[in-house]
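Consider the single chain below, provided in structure tokens and representing the form predicted alone.
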Amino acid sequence: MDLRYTATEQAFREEARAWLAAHVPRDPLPSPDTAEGFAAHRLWEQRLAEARWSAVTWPAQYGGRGATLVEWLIFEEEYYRAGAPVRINANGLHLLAPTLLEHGTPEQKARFLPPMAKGEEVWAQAWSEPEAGSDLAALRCRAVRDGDHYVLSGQKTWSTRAAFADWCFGLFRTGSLGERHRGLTFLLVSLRSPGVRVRPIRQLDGRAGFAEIFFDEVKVPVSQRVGEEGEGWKVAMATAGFERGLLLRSPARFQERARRLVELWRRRRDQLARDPHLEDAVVQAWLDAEAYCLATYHTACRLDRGGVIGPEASTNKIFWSELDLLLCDAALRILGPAAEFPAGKEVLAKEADSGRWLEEFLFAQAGPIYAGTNEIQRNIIAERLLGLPR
């Protein structure tokens, strides 16, 4: 891996930085977990797409720039440095889109990728069920073939972004429960279809970042199946690899948070009792964010040379989820009681960031759970990477 940027990559960075400086909203958008905020973020996605910054690695015919993964990492660095809004269509852009590019038909790519890039169709995940979370092979939500349609019956839960999204992608059982992995099929479902009912799930902050989805004899065209019937597990594992191994959590997210943590420490250290453990935690968090960045660049370079993401993605997922906890925990320890000031309640101007740290801390608690619990990831590492017995 060559750590030096090429002239082309430097020019790409300068172009991205200039565009973001000119277009990122000066004031933060409302929370995307509200109807108002979701609509505002959708408009932002459209502005990105108009300048072809929405999905830089996609082929130009679908709205991208044909950029390399290294250039995507560069864009992410500039995006977070500019303080740009959170991406509400990350499920589609970073998880479903790479899956469609690898497993989808030409018709599916042409139909779903352009409106995804423009934010015209926002995607939710439909993985977990009330009795099937990390063990997706135990899911029961059924899809029965009826001519040129599947008929869906059952329930999904903890569906990210489903409260306001337009479509969902997920696994549905087309075989018997005893077939486990072999009886699953990957389907794309409009959340506006007759028979679909979406019930928001309130978070700790009272907002609806998730939802339950109920399917009551919902008809889905066979043309919206990705891959072959019964081979959904293979398709879903490709999606999970993108989620755990590279695209869902770019290192820029954690590097920017580490930068804010160091700034917070510098502002507050003279007011704090000498605590070498806290100082060590700040240093460790910064080092880990840099290490994650280097590891991700290594993965991106390997993929650009034709490599693939394998079970080692599980090590990546454990690392970034626990890094997020470390960053937020250190910040709250520095802030002390000031950490409990809600976002927007700027009691002290110098601690205006405190509410933001609290919100990030609460969300970070979910990191070891979503994208496959860290306990399951450790089992994958033990069995598939280390060859240990079950």
Partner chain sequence: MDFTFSEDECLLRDAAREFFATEMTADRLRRIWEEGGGCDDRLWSALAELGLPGILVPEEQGGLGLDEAGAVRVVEEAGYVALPESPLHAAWLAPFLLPTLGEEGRARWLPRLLSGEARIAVGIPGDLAVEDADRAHLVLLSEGDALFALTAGSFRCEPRTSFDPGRRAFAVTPSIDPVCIGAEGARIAAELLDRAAVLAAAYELGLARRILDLAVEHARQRCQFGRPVGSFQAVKHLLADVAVRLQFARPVVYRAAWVVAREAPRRALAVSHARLAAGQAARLAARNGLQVFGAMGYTWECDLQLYLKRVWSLAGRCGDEALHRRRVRQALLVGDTVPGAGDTFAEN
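Everything quoted here is computed from the prediction, not taken from an experiment. Residue numbers count along the first chain shown, from 1.
Note that the form predicted in complex with the partner chain isn't included here; everything after this is about it.
- For the three residues A252, A291 and I381, a heavy atom within 4.5 Å of the partner chain turns up in the predicted bound form in every case.
- Checked against the partner chain in the predicted bound form, the residues H298, R274, H277, R192 give one hit for a heavy atom within 4.5 Å, which is H298.
- Comment: the partner chain is not present in this chain, but in the predicted bound form one of T105, Q203, S223, Q284 has a heavy atom within 4.5 Å of it, namely Q284.
- Note that among 158 to 166, 70 to 78, 193 to 201, 175 to 183, the stretch whose heavy atoms approach the partner chain to within 4.5 Å in the predicted bound form is 70 to 78.
- The partner chain is not drawn, but in the predicted bound form it has no heavy atom within 4.5 Å of S153.
- At least one heavy atom of I318 is located within 4.5 Å of the partner chain in the predicted bound form.
- Using a 4.5 Å cutoff between non-hydrogen atoms, E256 counts as a contact of the partner chain in the predicted bound form.
- Of the heavy atoms in R13, some are within 4.5 Å of the partner chain in the predicted bound form.
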